[in-house]
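One chain comes next, on its own, written as structure tokens: the form predicted on its own.
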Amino acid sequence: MNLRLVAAALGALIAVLGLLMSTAVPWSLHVQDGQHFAFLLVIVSCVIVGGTVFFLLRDPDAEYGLRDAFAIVTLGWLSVGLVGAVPYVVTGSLPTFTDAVFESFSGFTTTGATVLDDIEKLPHSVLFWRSLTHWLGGMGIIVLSVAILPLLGVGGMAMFKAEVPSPVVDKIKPTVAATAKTLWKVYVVFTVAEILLLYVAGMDFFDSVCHTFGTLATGGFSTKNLSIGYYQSPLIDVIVIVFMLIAGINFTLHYQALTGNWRAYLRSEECRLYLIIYGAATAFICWNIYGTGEGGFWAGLNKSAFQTASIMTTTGYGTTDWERWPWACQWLLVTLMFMGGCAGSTAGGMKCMRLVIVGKHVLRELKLLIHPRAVIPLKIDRRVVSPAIINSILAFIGLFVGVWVVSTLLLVILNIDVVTAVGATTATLSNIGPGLNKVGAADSYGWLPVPAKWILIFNMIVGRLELYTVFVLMVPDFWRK
């Protein structure tokens, strides 16, 4: 591994992050919240320090190998998460460094868990930065850099494979830079569309921008304490539902649809399963909450459709406190937390694709017990899935469950009740935000002890980077030549 090249790439990331942070300054000047000098201090520091490191260590002729890619992805996320916490500290928005880091990583990993009890008291510029971290993390700060920084060159494809949240990467364009730019164009098109629709539906422009960032990134940071429920608007609810579902679908399918191939959605087994599960879960919850104080049938359908989409896509927005619902509904939502959205989407969780492959693998094994000599290939969308991918997915699920068990146990050791521990671990590892009991839809993570917050920060990072990218750095062989 070339540490000089890794350091140069990290310097470039920090400099770019500083430039992106400058978008919060106009909001500060517009509403006169007095935070523009604090942001400018952080911006200048990022650009100078990051730019200096980059220009001193860069090598335009070098190519990044696989180890370099893994190191840059993991260390890059750690770097932007730590730097992204600085505005919370210098503006006095959060009292401790741990809380600032928690909020920053929750933003960049699109988790949406918050330590804030009163969100609306934050300055507009900080609220914007908080939402922007979602939007940047949604498609990936690394992919953004690949799209705009030619320094990564052809070798950047290894990095793209390491970062994109998918068991299989569909390479739309022949080069990684073109691929990343294409994905970002789709991302921007949906972003602009939702901002305009929310604005027309009654949100002010600032809230439309911030909630769109949270929706398309499946993050869930809101500018209101009551989240989307603040607006009491069925039209806004429907708009957010639609875009949450869009964000939970593989973006390569969106690209195909936008270029005229609308049947791509129907041909995708994963997408079909995703929509079927969403419809079935919505119907089940609607049936269970009918007559429980959530209003009439249409109000219940609205809330069940919204919360199912919010949890299944790991967005975390809310229109009601779903912890008041029957236990069957709550645990169904917890199950959906584990599943998450589609591969290649901005959603978290294990991804529907993995569950489809595991389900077919189990079915194939049962058939082989009956017909031991049969040759039964495992196919997804008429393409054979290699044994290497199947083994990788099985190992991923095992690692996911292992991290979940250990994290839950550690939280219980810290005297956190079991239900809260299960909810917090699931919500952070699957990058959702709201959990159960004391970290539920109407609660924050601010009361947790400092060690618990760092455990959950770790969960956010490994969950966002799909475990392997982080854990491979812990293998001694990774650092050997």
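For clarity, every value in this text was computed on a predicted model and none was experimentally measured. Residue positions are given as counts along the sequence shown, with the first one as 1.
Just so you know, the form predicted in complex with another copy of the chain exists too; it's not on screen, but the next bit is about it.
Checking Leu235, Ala328, Val192, Val384 against another copy of the chain in the predicted bound form, a heavy atom within 4.5 Å turns up for just one residue: Ala328. The partner is absent here, but in the predicted bound form a heavy atom of Val405, alone among Val405, Ile276, Ala178, Val188, sits within 4.5 Å of another copy of the chain. Within 4.5 Å of some heavy atom of another copy of the chain in the predicted bound form lies at least one heavy atom of Val475. Contact annotation for Tyr468: at least one heavy atom lies within 4.5 Å of another copy of the chain in the predicted bound form.
In the predicted bound form, another copy of the chain stays beyond 4.5 Å of every heavy atom belonging to Gly202. Using a 4.5 angstroms threshold between heavy atoms, Ser79 stays clear of another copy of the chain in the predicted bound form. For a residue to qualify, one of its non-hydrogen atoms must sit within 4.5 Å of another copy of the chain in the predicted bound form; all three of Arg67, Phe284 and Ser392 qualify.
Stretch-level contact analysis of 127 to 135, 354 to 362, 255 to 263, 291 to 299 against another copy of the chain in the predicted bound form, using heavy atoms and a 4.5 Å limit, identifies 354 to 362.
Contact residues in stretch 400 to 416 (any heavy atom within 4.5 Å of another copy of the chain, taken in the predicted bound form) are Trp404, Val405, Thr408, Leu409, Val412, Ile413, Asn415, Ile416.
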